[in-house]
Structure formats: structure tokens, C-alpha cells
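Here's a solo chain for you in C-alpha cells, the form predicted on its own.
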């Protein structure tokens, strides 16, 4: 892939692929659609990653305190995780369609808008729909990860805190969070990487439309590879995204390491 990014790569067997140096990288960095796709991906990550973690931790705390029927709640929250991305994306496309459930409740039931809202026909409302899908589907994964971490916290720490008269919030901020900090870092890094690999929700909900306004990195890469047959451009874009992910990962682990040293 790295080598391909320096060539005007041609998939034909009879045609050559001339070396063009950094031209593919220049094309990516000067392409307004590529810039928009990267921005959309960053927005998607910044919104979905923290909310998945917050809701996942909240559900884990709730289930961890349940003595009976905990397995039922775990299954219920984890079910979206094991459900196919294609299935849930098609479900959300139906919900946010012009004749879908969202507009039915807004127009016919609640009567707060005069006509159907085109949720998937504008950049930010379509991205919001995809982000809502990503958050909903990711809560269960975070719940399982945080629940395992919570159950590994020594119970004697909470018992000592009870003796000292600590309330629920004090135990959460001074015992629970420090004890699961490693798990939080792991979840943060994995979710950030996953956000930059988002493809199916956008591909099914909008296909990058209208006018490539809702493209993310992978959908634009797919378009350049299989529609425009611009392999070298796609390879350069993939290398740029790989570099961004590596920088983010090193940054997140660096922050955690400095805090441990402090």
C-alpha cells in the first residue's frame, strides 16, 4: 500500500503504473472532498467515542449493582453489538427516511413540524443520524468492557470508604475511576481507531451524498478505489489516515503514562 501510493496505479494487466512521487499525497491534501471526509470522520469520533464510553460506563455501573436478572440486562444491551451493521443501518435508514418513523412521530403524532424533515439529505443531520446509530450500537461493547473492570475492583476499598463515611459520588471518583483507568484508556484507543474505520453506517444511510457532503474517510476511499479506479490516490489517503491514527494512539497512551508517573 505504501509503495502503491507513489505510483499512478493502474489495475489493467497490459498498462504500466508510472512513478509520480508525492503527487497522490498532494492530490489528497488539496482535495476539498478528502478534507471534508477527514473532518467528518473527526467529528464522528469526537461525538461518538465519549458518549459511547459514558453511556457504557453508566450501564455497567447499573448492572453491576443489580443482584438478580443481571444476565438479562447484559444480553439486552449487548444485542445491538452482535447485530449486523447492515441490518441496523437499514433500520435507521427506514427510521430517518422522509416517510419513516421519526417523521411520523414529529408530523402526525406530536405535530411539532408541518412536513417531513429530510434527515438524510443534508450534511449535519445525516451525520447526526449516523452518530446516533454508532452510539447506540457501541454502548453494549463498552458495557461489557467496563463491567469486567468494575468486577475486578477490590471490594475492601469500598468497605474502607464506607467506614470513613464516603458517599456514592466520592467512592466513584476516588475509587472506581482510578481503579479502571487502564480500561478507560484501552476503550478510548479502540473506539478512536474504530471511529476512523467507520464505513457501513454512512455507506447505507447516505452513500456519501448529497454531493459528497457526508463522506467519511473509508467511503471516500472506497469511491476512489472502485468507482474512480484511482488506486494510488486511495493508497495515499490510507497512509495519511494511518499516520493520523498512530499519532492519536501515541498521544492517548502518552497522556496516561505521564499521569501514572505523576
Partner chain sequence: MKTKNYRLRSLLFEIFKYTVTILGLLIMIIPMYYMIISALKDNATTFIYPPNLFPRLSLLDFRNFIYILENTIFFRYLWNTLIVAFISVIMSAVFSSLLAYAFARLHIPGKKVIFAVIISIMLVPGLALIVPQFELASMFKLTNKLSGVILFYTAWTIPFSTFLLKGYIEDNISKELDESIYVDGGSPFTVYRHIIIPMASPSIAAVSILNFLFPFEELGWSQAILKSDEIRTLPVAISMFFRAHSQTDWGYVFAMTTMAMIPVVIFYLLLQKYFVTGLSSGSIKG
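In this text the structure is predicted, and so the values were computed from the model without any measurement. Residue numbers count along the first chain shown, from 1.
Beyond what is shown, the protein has a form predicted together with its partner chain; the following relates to that form.
- Put simply, residue 221 is close to its partner chain in the predicted complex: some heavy atom of it is within 4.5 Å.
- Contact annotation for residue 168: at least one heavy atom lies within 4.5 Å of its partner chain in the predicted complex.
- Proximity of residue 139 to its partner chain in the predicted complex: non-hydrogen atoms within 4.5 Å are present.
- Residue contact check for residue 103: one or more of its heavy atoms lie within 4.5 Å of its partner chain in the predicted complex.
- Here the marked residues 71, 82 and 87 all reach its partner chain in the predicted complex, each with a heavy atom within 4.5 angstroms.
- This chain is displayed alone, yet in the predicted complex one of 62, 46, 54, 29 has a heavy atom within 4.5 Å of its partner chain; that residue is 62.
- Using a 4.5 Å cut-off on any heavy atom, the residues of 214-251 that reach its partner chain in the predicted complex are, in sequence order, 218, 221, 222, 225, 231, 238, 241, 242, 245, 246, 249.
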